[in-house]
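One chain follows as structure tokens, the form predicted on its own.
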């Protein structure tokens, strides 16, 4: 019995390690990133980190897929968008109502959602599925803070964008932050299904996999 339990444990451990090494996430170069010619640079950073791009396509998303991508029907999420806009004014000596026309979190959040839809349809995006060791956390680390003015140098947003909600909301547009990356495993799974439903996800090895991820000595 002990031996059988050990075999089950080994099997479960091997599966868990495999899942960690082959975790998948969804990410996307947004229209401003494409228009600025940053696709190649972003792909280079992802691949140089040791991650694999296992699916990729360019498209101008329709309104239906954008509304499914963003949880716009989730009131709490919409209000959080409003909160971000309000908190962005801290230290800027600007009045919320004077700046945005409202201090209602929901109303401000709805304005942001409308801007997001317009932004995501302003040009082509490059959507991709990325795979590798803890890919979700790795890609988010490469991306940097969603608010570009707060992103550290060396990250995609920190190096290539300086936008802030305070300016974006006044101009009634989305924050131009170049890049999207799934926040957690559930989000990654849902976004991969949404953007790549029924499409081929490729399986291949990188030349450096043996050195990076396996015991070779």
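Residue numbers count along the first chain shown, from 1. Just so it is clear, the structure is predicted and the values come from calculations on it, not from any experiment.
Here the subject shifts to the form predicted in complex with a small molecule, a form of this protein not shown in this document.
In the predicted bound form, the small molecule lies within 4.5 Å of some heavy atom of residue 85.
Among residues of the shown chain, residue 129 is not one whose heavy atoms approach the small molecule to within 4.5 Å in the predicted bound form. By the criterion of a heavy atom within 4.5 Å, residue 146 is counted among the residues contacting the small molecule in the predicted bound form. Using a 4.5 angstroms threshold between heavy atoms, residue 142 stays clear of the small molecule in the predicted bound form. Shown without its partner, this chain lists 29, 51, 156, 168 as candidates; in the predicted bound form, only 168 has a non-hydrogen atom within 4.5 angstroms of the small molecule. Note on contacts: among 151, 42, 192, 174, the single residue with a heavy atom within 4.5 Å of the small molecule in the predicted bound form is 174.
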